[in-house]
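Okay, so here's just one chain, in structure tokens, the form predicted alone.
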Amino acid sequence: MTKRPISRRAVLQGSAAAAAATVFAAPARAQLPAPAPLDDVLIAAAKKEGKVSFYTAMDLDFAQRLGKAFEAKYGISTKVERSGAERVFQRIGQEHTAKIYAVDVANTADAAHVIIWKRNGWLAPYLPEEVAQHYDKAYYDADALAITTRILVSPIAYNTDLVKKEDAPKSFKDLLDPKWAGKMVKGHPAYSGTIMNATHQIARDIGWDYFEKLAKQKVMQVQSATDTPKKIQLGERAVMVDGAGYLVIRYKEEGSPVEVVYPEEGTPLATGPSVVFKSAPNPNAARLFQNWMHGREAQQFLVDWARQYSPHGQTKEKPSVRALRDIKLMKEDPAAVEKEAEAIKKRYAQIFKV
């Protein structure tokens, strides 16, 4: 029998009533768990377990490369389970409800998920020493239950073989021009955490009536934020409404005819935190993976190969990539997304009939 997806409402049943105002901006406790050094004791215990299970919303190619790099360094088998952030969230909820504890570490593109996992008491505190030293406190939880692994932006993009630079859209509102009808592709908030956050921010800042107008433009709907860049890269659509900006940058660097547009209204932003689960079947390997993934080596790999933004203070961006500080950004609000997610999905589905 096929399992029905578990909604956020269902996952919340039985959990504490009070929610944090935001994921990482909640008032700190009197004593933050002491930063944990990367020592031989942890490495030996992790190697004895010999494996780690990583559920992630990262694009599959990068997630697998990350897992292989960890395996090569420590000899610990890394099982990568990749899906959209909303599907990762649903799967973890289903497994915990059934008392199946298979996940060690999870990364999501929707920080609102951490609010729920934290409230349910599912997370284990762990603060790597390097994170305490080189991350702004805004990028890790006040109780050391989550760490921002990557910072994602969701810009507009276009295929330069199909759209001249002078004709390219400069704003979200430009996409309402009839000339783009039948030529655009967009991700779905019921699958992707990046798109969930982008949808929330656009609806908040521009209005739901914007989506009602956009729906009349015969927009192709796909699931993941990683699907939209592929559609413009292949020339199946001329313009990407939202999606993984880092993939557009990667495709462009590989020679594909694509270009990023940071919209005039502001570019949606999503932080992608990672967590260690209290029920992790390989707790030491989980902590070692969490430690390594947020160290300079893995974070620089994220910047250099994945082309994503890192919260690690010592990573270096390539000059060809626009710095995050130079992009007009919309404001992420995980607490609002956590409260409004089901309503966002429902309203979006009604507007786009998907």
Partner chain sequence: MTIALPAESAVRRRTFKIDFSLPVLIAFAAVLCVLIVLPMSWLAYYSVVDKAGQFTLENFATLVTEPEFRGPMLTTLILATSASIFCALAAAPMGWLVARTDLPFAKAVRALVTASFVTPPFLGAIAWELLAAPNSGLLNKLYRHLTGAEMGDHIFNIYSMTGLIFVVSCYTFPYIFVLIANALDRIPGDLEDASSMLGGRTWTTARRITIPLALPALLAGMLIAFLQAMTLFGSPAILALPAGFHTMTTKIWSLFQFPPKPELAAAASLPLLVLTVMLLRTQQMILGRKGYSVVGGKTGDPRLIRLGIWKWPAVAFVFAVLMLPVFLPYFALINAALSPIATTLVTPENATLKNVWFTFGLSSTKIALQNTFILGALTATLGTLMALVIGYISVRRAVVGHQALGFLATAPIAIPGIVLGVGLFLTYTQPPFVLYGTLWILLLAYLTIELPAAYQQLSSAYKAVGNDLEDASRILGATRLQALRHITAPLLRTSVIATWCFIFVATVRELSAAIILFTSDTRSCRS
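For the two forms, the rigid core is made up of the largest set of C-alpha atoms that agree within 1.5 Å on superposition. The structure presented is a predicted model; accordingly, all values stated were derived computationally and were not measured. Residue numbers count along the first chain shown, from 1.
The same protein has a further form, the form predicted in complex with its partner chain, not shown here; the description that follows concerns it.
Taken together, the three residues L162, A190 and K346 all lie with some non-hydrogen atom within 4.5 angstroms of its partner chain in the model of the complex. Here the chain stands by itself, but in the model of the complex one stretch of 203-211, 108-116, 280-288, 148-156, 108-116, has heavy atoms within 4.5 Å of its partner chain. Distance criterion of 4.5 Å from any heavy atom to its partner chain in the model of the complex singles out I100 from the list A138, I100, A181, A72.
Proximity to its partner chain in the model of the complex, defined as a heavy atom within 4.5 Å, holds among A142, M220, A124, A168 only for M220. Under a 4.5 angstroms non-hydrogen atom cutoff, its partner chain in the model of the complex lacks S274 among its neighbouring residues. K48 falls outside the set of residues with a heavy atom inside 4.5 Å of its partner chain in the model of the complex. In the model of the complex, A34 stays away from its partner chain, with no heavy atom inside 4.5 Å.
Put simply, S83 is close to its partner chain in the model of the complex: some heavy atom of it is within 4.5 Å. If you take 222-246 and check each residue for a heavy atom within 4.5 Å of its partner chain in the model of the complex, you get V222, Q223, T226, D227, K230, K231, Q233, L234, G235, E236, R237, in sequence order. The Cα shift for T267 between this form and the one not shown, taken after rigid core superposition, is smaller than 2 angstroms. In the core-superposed comparison between this form and the one not shown, the C-alpha atom of G84 has shifted by at least 2 angstroms.
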